[in-house]
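Shown below, as structure tokens, is a lone chain in the form predicted alone; questions about how it binds or moves come after it.
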């Protein structure tokens, strides 16, 4: 039975970021497994990604992620940011408004005295950079491999892994098991960790659009049916995330491209000129899922396995990266002091340390969504007054900006400040 110090279940951006961070700790034996047959994973962690790692390929239908300044700084400390930023679009401003109301507010990087409030990066480029970095490390990667059983052993877990392609099984032991395997986490289920599920009764329509005007401003537009977000990408493209009741969302993707753009134009307005092109449209049901325990002896849940948020404020991945930084710092201390990697008290301290940031993000996202989803005239008037007041209240805007940028909420992994981030 092969023994590992750390086994990471889930080869998405959260799991691979953690693997890259932990690989900086010399002598750790790390295993990363992913259930899906990831062509961009095990084939990319080799010659293929080396040959094209610096080559950006424009995919019109690419899915994108908004990175906070705090996330960018953590990637910088991991020596990843210089590559990621090559095709990351800086956010200079965030425009917040409500349909059919004059109240609005703008958060500006210049007012916050920073080069950018955050960045928008296409997931395929972010993943490519992460995997290119991963292949330089000693991390062992297995895919398509699923975790099918776990059993507690002395100072760790015995884990059964199943290779779905080869129909084979393997048993490994690990001192620390990390579940970063998404909203329907197998690790969470196998450990019997309960999770609360709250259905927002909304489905996100996700696509890319082309507009007449290009800028570096992101837009969050609230409507009675749900928020519509536009994030700038290169070449006059914007990533669009439109939250709607499920039946309306389904109807939207069944429209012709031209009719869909008419609906977007009608609801968003003409700040970006005409919407001229739309890519493939996809649907994502929206829920708030929260694991009731983030840690167990020798086990941690991260990312969507720990909590899945509504995308209204784009905070899910950024919160996970801050969790990764704190967990990496803990593991480094434990390793240097020759203490058990999965010591429960240390993991509970980590969980408590991160709780304030996690709770703040969950409450902010949930409250923002619910506040702008109340249709009564009284609430409409209060929201409109609130946006006007907020725009004239610099200290309040600054607090929101600091929150959105993720500043001061993460553990530093090195002493490499970059004033250009």
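A quick note: this is a predicted structure, and the numbers were derived from the prediction, not measured. Residue numbers count along the first chain shown, from 1.
Below: the form predicted together with a small molecule, not depicted.
A.B. asks: Using a 4.5 Å heavy atom cut-off, indicate which stretch of 345 to 353, 133 to 141, 299 to 307, 214 to 222 touches the small molecule in the predicted complex.
C.D. replies: Of the options given, it is 299 to 307.
A.B. asks: Heavy atoms within 4.5 Å of the small molecule in the predicted complex: does residue 323 have any?
C.D. replies: No - in the predicted complex, heavy atoms of residue 323 and the small molecule never come within 4.5 Å of each other.
A.B. asks: Does the small molecule come within 4.5 Å of any heavy atom of residue 65 in the predicted complex?
C.D. replies: Close contact exists here: in the predicted complex, residue 65 approaches the small molecule to within 4.5 Å, heavy atoms only.
A.B. asks: Would residue 22 count as touching the small molecule in the predicted complex under a 4.5 Å heavy atom rule?
C.D. replies: Output for residue 22 is no: heavy atoms all beyond 4.5 Å of the small molecule.
A.B. asks: Report yes if any heavy atom of residue 75 sits within 4.5 Å of a heavy atom of the small molecule in the predicted complex; otherwise report no.
C.D. replies: So residue 75 does not count as contacting the small molecule.
A.B. asks: Answer with one of 97, 208, 334, 186: the residue that has a non-hydrogen atom within 4.5 Å of the small molecule in the predicted complex.
C.D. replies: Residue within 4.5 Å of the partner: 186.
A.B. asks: By the heavy atom within 4.5 Å rule, which residue out of 272, 241, 252, 288 makes contact with the small molecule in the predicted complex?
C.D. replies: Exactly one residue meets the criterion: 241.
A.B. asks: Is the small molecule close enough to 10, 147 and 318 in the predicted complex that each of the three has a heavy atom within 4.5 Å of it?
C.D. replies: Every residue of the candidate spot has a heavy atom within 4.5 Å of the small molecule in the predicted complex.
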